[in-house]
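Here we start with a single chain on its own, the form predicted alone, put down as structure tokens.
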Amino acid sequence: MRVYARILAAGFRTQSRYLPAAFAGLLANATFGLLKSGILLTLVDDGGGELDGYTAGTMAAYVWLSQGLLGSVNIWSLPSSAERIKSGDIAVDFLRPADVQLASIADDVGRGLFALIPRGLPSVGVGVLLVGMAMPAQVLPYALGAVSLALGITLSHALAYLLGTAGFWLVEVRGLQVLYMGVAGLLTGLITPVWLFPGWLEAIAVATPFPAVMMYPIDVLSGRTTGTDALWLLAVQAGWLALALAAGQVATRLGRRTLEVQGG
């Protein structure tokens, strides 16, 4: 585990070199956050001040926490391991004394954790100053929220890694990537809270790992879900993470058997 902790730290340091890009991402987060909050807060107001349990304050918390997570969770792009599979460089990784899957995820998680500093926290600050957010006054939701946040970030990168392993069998995986972006963008709760979906779509969403990436951490951190319900969401996140890691291990081992690299 010490090796992967060092890889995570290296990913954190690497991402810290791209501060201009991080601040550009913050500007985008703030811009789209204001648009998103304007739309959703209007819906709450039209609903008489409440929309399926969301007040103006809790809806604002959802908007700005989700915007703050955009730089840390991966629902948009393939990991670097996908390009290494395509180029054949993954063969070199298989020779190293570290698990290919865990090393890739650790690096990406380190990058995601750093993004919380220049993008995540300031995005939440924008929400607090300009819109107003209903956040818990107790310490426990923040402690549980930090655990849920770490699980959600790690799960997002584990799922992205699993998607990238399709490159062992496909010449091009960008089509899968585009499909994944659309499905994940909807079912994670990025566009609107999962709990506002029609019943049938909500049932589909909670049967997938996607709400565990973003929706559950937001609910726990904002205090919308507390007590044993919050612990249950953490357990669900941990379960999905274990399944994603196991599936990634199986895909990597099967892919290694079919890998052919030419050149020299």
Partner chain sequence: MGDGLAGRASELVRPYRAVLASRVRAQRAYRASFRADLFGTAVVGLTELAEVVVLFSAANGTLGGLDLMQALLVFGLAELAFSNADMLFGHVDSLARQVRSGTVDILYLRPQPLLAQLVTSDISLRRVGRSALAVVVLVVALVVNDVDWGPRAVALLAMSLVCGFAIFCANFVTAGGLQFFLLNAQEVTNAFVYGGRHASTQPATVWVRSITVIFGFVFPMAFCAYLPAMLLLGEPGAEWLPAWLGWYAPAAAAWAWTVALLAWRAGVRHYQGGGG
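Residue numbers count along the first chain shown, from 1. On a predicted model such as this, the values are computed, not experimentally measured, just so you know.
In what follows, reference is made to the form predicted in complex with the partner chain, a form of this protein that is not presented.
- Look at 83-91, 154-162, 140-148, 172-180: in the predicted complex, residues with non-hydrogen atoms within 4.5 angstroms of the partner chain sit in 172-180.
- Residue in contact with the partner chain in the predicted complex (any heavy atom within 4.5 Å), chosen from 128, 98, 117, 186: 186.
- Think of it this way: in the predicted complex, the partner chain has a heavy atom of just one of 205, 233, 51, 215 within 4.5 Å, and the residue is 51.
- Contact annotation for residue 24: at least one heavy atom lies within 4.5 Å of the partner chain in the predicted complex.
- Although the partner is absent here, residue 77 sits far enough away that none of its heavy atoms falls within 4.5 Å of the partner chain in the predicted complex.
- Contact check for residue 46: a non-hydrogen atom falls within 4.5 Å of the partner chain in the predicted complex.
- Contact check for residue 38: a heavy atom falls within 4.5 Å of the partner chain in the predicted complex.
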